[in-house]
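Have a look below at one chain only, the form predicted on its own, in structure tokens format.
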Amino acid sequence: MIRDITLGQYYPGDSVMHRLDPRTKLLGTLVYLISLFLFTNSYVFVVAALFLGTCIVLSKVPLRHMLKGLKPVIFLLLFTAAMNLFFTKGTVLVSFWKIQITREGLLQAISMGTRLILLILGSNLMTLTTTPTRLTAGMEHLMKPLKLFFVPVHEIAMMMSIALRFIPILLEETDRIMKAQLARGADFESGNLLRRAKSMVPVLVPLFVSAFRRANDLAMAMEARCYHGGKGRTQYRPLRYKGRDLAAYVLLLLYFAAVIVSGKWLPGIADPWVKEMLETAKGLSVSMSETY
């Protein structure tokens, strides 16, 4: 399960998505996440899924590698779907004991589950196609206006970059500690929830000690290299927009326009047609049942 976490990991490649400016990918991811929460109808989710699928194909990241990042959040997806399914009031579809499944709850569960899946895949795609160094540079450039309000932009970007770099290191360290504990007879899977939580203590203690030791070594290394923040610092490879970034912004605007059209006007146009199709199918099924 630990190795299935892909957030913060970089997948090497030479695709169009890899060559895009990190600022383009950061803004594109932000716009994509916002678009998922603007509307709740299925047409928007179809447009968002098609757009994300196209980006995944252009990134040349294997789909299996992308879907692997959903495994650690399966419990969150199921919990969110269950909360919406059983605790949303409306037209009752199924009722047993004190539990009721309503039509509105079912639609809400499907909507929230789809939204979370697209959100996680979209975020993972950005980190898989962008190195932590370029991601830090992109965040620092985008947050430059905050310097007018005395916000330490460089320090914030540096902390986020270090956090992203530490994710795969800590995951590898956790996997190593768990294997060492299993070799000594530890059991992480049997027993109730409380017993499983207690069995994780021998893993968490050395993990925190290792994390603090690594943080101290990193701080000493930065001080030894005379690091004093972002004032007066320059970049070895400064960020520059290119033609592909302009094309990406145009496609992003077209996608956002398609989301607005799908969310505002498409339901009014398509829903009566869909209802008519359903009524026709229902009439055909009734006539066939009467015939046979």
Partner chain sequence: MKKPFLKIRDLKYEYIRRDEENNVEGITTAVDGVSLDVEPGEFIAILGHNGSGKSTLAKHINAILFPAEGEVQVDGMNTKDSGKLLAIRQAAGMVFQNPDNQIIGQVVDEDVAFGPENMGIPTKEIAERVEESLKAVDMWDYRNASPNKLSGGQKQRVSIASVIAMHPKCIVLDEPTAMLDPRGRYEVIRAARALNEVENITIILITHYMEEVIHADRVFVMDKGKVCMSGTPREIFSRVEELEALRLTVPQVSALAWKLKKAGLKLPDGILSREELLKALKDKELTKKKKSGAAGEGRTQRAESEAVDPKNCRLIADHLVYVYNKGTPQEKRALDDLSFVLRPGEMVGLIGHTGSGKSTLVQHLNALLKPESGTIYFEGSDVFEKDYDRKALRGKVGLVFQYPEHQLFEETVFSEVTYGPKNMGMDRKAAELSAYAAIKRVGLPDECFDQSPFDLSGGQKRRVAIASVLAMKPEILVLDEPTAGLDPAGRSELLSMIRELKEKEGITILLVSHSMDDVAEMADRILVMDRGRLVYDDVPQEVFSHAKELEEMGLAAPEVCYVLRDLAAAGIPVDTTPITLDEAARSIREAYQ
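Residue numbers count along the first chain shown, from 1. Owing to the predicted nature of the structure, the values given are computational and were not obtained by experimental measurement. Definition used throughout: the rigid core is the maximal C-alpha set that superposes within 1.5 Å between two forms.
Absent from the display: the form predicted together with its partner chain. The rest refers to it.
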Q: Select, from the options 104-112, 68-76, 207-215, 82-90, the stretch whose residues sit within 4.5 angstroms of its partner chain in the predicted complex by heavy atom distance.
A: 207-215
Q. Can any non-hydrogen atom of residue 253 be found within 4.5 angstroms of its partner chain in the predicted complex?
A. no
**Q.** Contact flag, residue 238 vs its partner chain in the predicted complex, heavy atom cut 4.5 Å
**A.** yes
Q) Hey, in the predicted complex, does residue 143 get a heavy atom within 4.5 angstroms of its partner chain? A) no
Q | Touches its partner chain in the predicted complex: residue 169 (any heavy atom, 4.5 Å) | A | yes
Q: Consider the chain as shown here, without its partner, and state which of 120, 177, 139, 128 has a heavy atom within 4.5 Å of its partner chain in the predicted complex.
A: 177
Q) Considering 148, 220, 94, 194, which brings a non-hydrogen atom within 4.5 Å of its partner chain in the predicted complex? A) 220
Q | Residues of 129-149 having any heavy atom within 4.5 Å of its partner chain in the predicted complex, listed in sequence order | A | 132, 133
Q: With both forms fitted on the core, give yes or no for whether the Cα of residue 83 moves by 2 angstroms or more between this form and the one not shown.
A: no
Q. Hey, does residue 168 budge by 2 Å or more at the Cα between this form and the one not shown once the core is superposed?
A. yes
Q. With both forms fit on the core, is the shift of the CA atom of residue 113 between this form and the one not shown 2 Å or larger?
A. no
